[in-house]
Every structure is written in C-alpha cells, then in structure tokens.
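Take a look at this single chain in structure tokens; it is the form predicted alone.
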C-alpha cells in the first residue's frame, strides 16, 4: 500500500516528515499518470503543481481556510488529498468525479470553476463575506500565468488592492513568461522579506523614522524607494505592488521547504499579498515535460511510452480539417487573418501560426479583446476569423453584438466544440450558442452537418459581407472525401435529404445524421419521415421549411442545443409569423446543465440520438413499436 492510499484528509499530511512528503509526491505523480492515461484529462498542469498543492494544504487549515482554483484543471492533486482517492478512477467519466472543482462534490471545493481568470474576483468576494460575518479564515486564490492574461483577473486585482482585504493570490507561473530573474538571490529575498523579524523591523523602523522632526518622512520615502528598487531589480513584482499587493517571489514551486516557509510568512501578513511561484509543466513525467502542450489536455495514452492512443485509420478531426482549410484559403486570400484566445492547438491553428505568422494572433485568454480586435481589423478591409470554443465565445457576447454586429462587420466566428463536448462537462458544453447568437441582427449562422459542409461554411463566411458564425463538433469527422474546389453555400438555403409523407425532420449539424438514422428505423415500422437539413440557423430557409410543414402537417426539429431560444424556437416563431398550422415536436436539450460523459452517452441520456428520437416520434404519433409488415 502506498502512502497516498492511507490518506483520507489533508490534515494527515501536516504530520509527515520531508522524506515522507517526497514519497507522497512521487505516489501522486504515478497516480496522476496512471489515471489520466485511462480517462484522459489535464495532465501536464497537474504534474506541475504537486508540491504547491501539498504546501497549501499543509500551511492552511482547509476546508476552514478557502482555496479557489482558477480554471480548476490543475486541481487533481487537491482532489486526491481531500478524500476522493477511491473515486479518482472515475475522473471525467459519466457520474464520476468532475475534472474541475465542484462545490457539490466536496466541502474542500469552495467555488465551481472551469473558465479562466475568475479566481481572484471569487476569492475577493469570499474575503469580503468573511469580514462581514466576523470570520478570520484565510482565502487563497491560485491562478496560472496564462489566466493572468484575462482582463477579469486584473479587474479582481484592482479592486482587491483598493479594498485592502486579507487575501492571498498564488501566481503559478509555469511558462517562465514573467520570471526572468528566478534564482537563489530572489528566492532568498522573498523568504526573508516576509519573515516575522523583517516585517516587525520594517514597521518599527518606519514608525521611528516618521516621528523624527524635519526629515523623518523623507527617510521613510527613501527607504521605500530603496526596497522597491531592490525588489524590482531582482524580481518582476513591481506590477503587483502597483495594484496594492505585497509581492513575494519568484520562488521554486517544487521546493516544499521554501514554499511552506513563504506561505506561512505570508499568511501572517495583513492586506492583499501575491506569491509568485515558478513550476514546470509535466514535472516528473518525461513525455509531458518534453511536450507540455500535448499533455495539457490529452486523451487516453500509453503510460509507459506516452504515446497517445488513436485507432488506426481513424478519420481526421473536425478541428484539423478546419485548420488545414483555413491555411489553404489564407494562402489564396491575403486579407484572411486568424485569431485565437490561447487555444492554438485546441482550435487547430498551429500550422497556420507556423506558415503565416504575420497573419496569426494569439491574444491570450482574452475573448472580449479577440472579438473587438477582429472588429478593428475588419474596419480596415481585413477578413478576420476568430477561432474559438463555443463555450468561450459566451464571454464576449457584448463584443459580438456591439462591436461586430451593430457595425455589420465581416468577422467570421469559427466555433469549435459546438454541442456536447463530453468529459469536460457543463463548463465546456457548447449548447447555448444557438440561443445567444441567433437573435442578434445582421448575424448569419450556418451549422454544417459534416466536414464537406464545414469547408463550405468557411468559404461562405469569407464570401459573405457581414458577421458570420458557424459551429462544428468535437471529435472525428465522418471520413468523407473533401472536394478540391470549395464553393460558398447559398445563404439561408436548406437541403432536403429524404422524402416522407407522415412528417418531416428539420435538423441542424450533428442532428442531421441522427435524424436520417431515426427516419430509417421508423420506416421499418411503417412511418415515413422526410429529412431536411436546414443548413442555416439564421436565416431559415422559409420557403422549404414552410412547404414541408404544410405538406406533412407534422414537424420534428432536432438540435444539439438547449431548447429555450434555439432552432425549434426559431421554427415555431416562423410558423406563428406565417400562420402555418402544423404539429411541432422539438427535440433538444432540457433546461439543465448537462453533466459529463462521452458524447454518445450524453446524447442517449437526453434522447437526442437516433433511438431516442425514434421513441419520441413513435410516442407523439401514438403508435406502438411494430414492424412495417405488422
């Protein structure tokens, strides 16, 4: 039995000696690799914060003291130490542990997370609530250097510095982006400047100098400038000092002794403090250290070799097809520019970045900026493509509406991970974009059903003279042969794919294939359903949809989106406007946050796969299951 197997609470690690802690860290890293090799997940970032997580739980009295993890994809060690060891094998699986902190899962998870840059604002709220209730517990926000590129993080820093609340921010810097001066001197300086003796000496000296007649205050100001100059020369902390934080660091994030000494000292300080910790992504697992981007979010892999599992002959992903097509179009059109928000690999733009670096922009975790930046480019004749996950575009809603659509600018929004994404769960499902985009004037929204139509969507957006959005799913494509010449699709024109007299499926995107499969199954039972790929969420093909509704009198809308405000709602609005009388069955996702699981499991659970659609149509028509002959 490993040392990790004996732990059920972080209180137990506070009594371990250095040798036992080193053994525990090794146990944790083995468990992380072995589990993520099976379940997939965020590996490199978690391997990098093992010692930091141990130090946090040894210094602070959790769960009384609160730790808020930014994004939360680096909280696996936290889960292992807080009573979830036995369930860790269910990580990111249906009905298993979430890949992110979740309040309903554990009292040690004090704030639900999944998107970046939220931790400082949330922690400040917890600190203010603590003070209002007369508490004295510590509040710690753990944020990565990547998340610090988000404007929300700086908004939190700004107010925290202004309010002067007792709040500790731990900056986990794993990219060396703002740490050019890490070393023995800066580490020594950070620990000594936060010791009780130094802090007491500093306050007493300041008090003495202030009361000297004539020149006392000048001496205090001189001493402060000397301290700031020394810290600014040896550390990158002047920015955080300007926000009103006491800056400490950088320190070695893999040295438990240094971490604990510094965190203990900082826990005694009053007011906001920022501890700058430098870690290495993938620490302790050679494949992840060599390729941290690959192992940031990785599928199942061979733990011994680090080789990622991929079925032989598997078709390319929709993401890779998008990336390849975008490069080809950019090489033919010098106006085309690619923009992403810290998701180069995730959106398939790594080849674009290498081949056309002068027309590629990674703006960091700054989705609002990405959209308004694209609007500025479009104002001057460029054709920007904002490649972004559907769930992250939510963060830039006002920028889409106010900066792009209000000006009717030709910005293309390529929304990856449209629909159910699987194991990342409710924070990452792209199931709201129909509802939050289709009501915006001037916006055209296309939903391709396969990779051929995906390429056409990109061509259509480039040919269109206004705001244009399209979404495509996570995962493998259908393996179709791509055309050599890609022509734009007629705006607002759907396509009838199957005849039928008893009713008609109106479907979009991934649901087109499910509707076709359901229609085939219903035919065996004597129910003939037509299938129409609406192709566009906005504008709808009014002529085709109205004709099919009037012809059959029974319409089934199918969408991988929440029903409220989605495709089915758009069809109902069309029928109300035109006084068409037809029975409508809407198939889509209910008014809940859909949990984690595979895409197949989740579609089945919510009856939006072919068998579920078949059952719902059968029930709506009042027909028991039977064969055509019967």
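Numbering follows the first chain given and starts at 1. Just so it is clear, the model here is predicted, and its values are computed rather than measured.
Although not depicted, the form predicted in complex with a small molecule is the subject of the following passage.
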So, residue 414 and the small molecule: in the predicted complex, are they within 4.5 Å at any heavy atom pair? no
Hey, in the predicted complex, does residue 111 get a heavy atom within 4.5 angstroms of the small molecule? no
According to a 4.5 angstroms non-hydrogen atom cut-off, is residue 353 in contact with the small molecule in the predicted complex? no
Is there a heavy atom of residue 100 lying 4.5 Å or less from a heavy atom of the small molecule in the predicted complex? yes
Considering the small molecule in the predicted complex, which of 301, 318, 392, 243 comes within 4.5 Å of it through any heavy atom? 392
Pick from 80, 343, 540, 266: which has a non-hydrogen atom within 4.5 Å of the small molecule in the predicted complex? 343
If we take heavy atoms and a 4.5 Å cut-off, which stretch out of 248-256, 420-428, 490-498, 457-465 is in contact with the small molecule in the predicted complex? 420-428
For this chain shown on its own, do 57, 75 and 283 all sit within 4.5 Å of the small molecule in the predicted complex, going by heavy atoms? no
